[in-house]
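There is one chain below, alone, in structure tokens, taken in the form predicted alone.
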């Protein structure tokens, strides 16, 4: 690969609008080009001031004009365009106190986080500008800070999280000085907004190898800072079927979920499903085995705290919590159909596919090996068979409602709800009872208890 890179035609077209002004493709898109990947997320750096850029295009949003950045909308694309800049102190650990415009792209690139992100492509010709040997570090698969790592991390406390995230995403190694500088930057990272930490954690878990990033977080102290509940699982031995302590089990479970491309919710639940074990761990009566009774409830409570602290959306949080709460299900072939229906009701039919995926991930994290593909086949077959015969799973599935009960002699009040729940229990055990006449007959007998 020479010093000229292939430039997308649309970028050349955009560059023509900047006639007489310098324009460069920067950031992750350049890194992706050097990795031989396509990137549709384009960030641009220019000698033009923000007010000039706003005059050049019809649709421009002043998304970060205080820091020299605007967002250009052009032919269906959103492009972040930033004027060459240098920066002063970072008193909030994330954003510079003030921005000064720079004269040249090299000065702008000197403020970037890592060498692999500090190259630029001049537009429209495609010439590579690489003052910090980003291409070389990409070839060496190394994440190295631009200049002194301590200074880069002191400027922006999110950069240590970005470093470990890139290691997980790209499979790169952290260069020695860059890795060694992270523990000293923890106080700066602690000042970063929870939402930004959450976004980096999400990207780590969304990578093909989240365990790599999470182990680096543990090594550097980031894990204890960001997820102390998970860090506390180190050294909590389990014995029995388990080969690993609780932390390694969680990381292996999450890694399996990632490699199977399971959903974001399943990956998160795989990471947190056992974090309650340190709090509930007790020795059995013989004094030679650890027990973890009801750890799923404690894990759910701790997970809720994490999700709230990192400001995850409520719908996402609720789904993760349900997975954590229900992950300890135990199926036996002697279950009656009513027991299978109660399992479906408790877990939620919508959650079953992900709950089964979580069980596979849990199993992989227990043994450190691929789980048996037929592990859940008997339960899956029973669920399918039971649902094919009856879908009485909630009050709305009953052949009558509260109004029907009140029209047939049940007094308004809490008894209506109590009777409906008892009718549901009867219909779950025997779906043949789910017709209006039979349910009214049963309801009449139940109602006599309250007269």
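This is a predicted model, so every value here is computed, not measured. Residue numbers count along the first chain shown, from 1.
Below: the form predicted together with a small molecule, not depicted.
Interface residue remark: residue 117 is counted as part of the site for the small molecule in the predicted bound form, having a heavy atom within 4.5 Å. Contact between residue 43 and the small molecule in the predicted bound form is found at the 4.5 Å heavy atom cutoff. In the predicted bound form, the small molecule stays beyond 4.5 Å of every heavy atom belonging to residue 144. Looking at residue 113, you'd find a heavy atom of it within 4.5 angstroms of the small molecule in the predicted bound form. Segments offered: 195 to 203, 330 to 338, 212 to 220, 67 to 75. Contacting the small molecule in the predicted bound form at heavy atom distances within 4.5 Å is 195 to 203. In terms of contact with the small molecule in the predicted bound form, the residue from 130, 362, 296, 156 that brings a heavy atom within 4.5 Å is 156.
The contact with the small molecule in the predicted bound form, taken as any heavy atom within 4.5 Å, belongs to 165 out of 249, 277, 322, 165.
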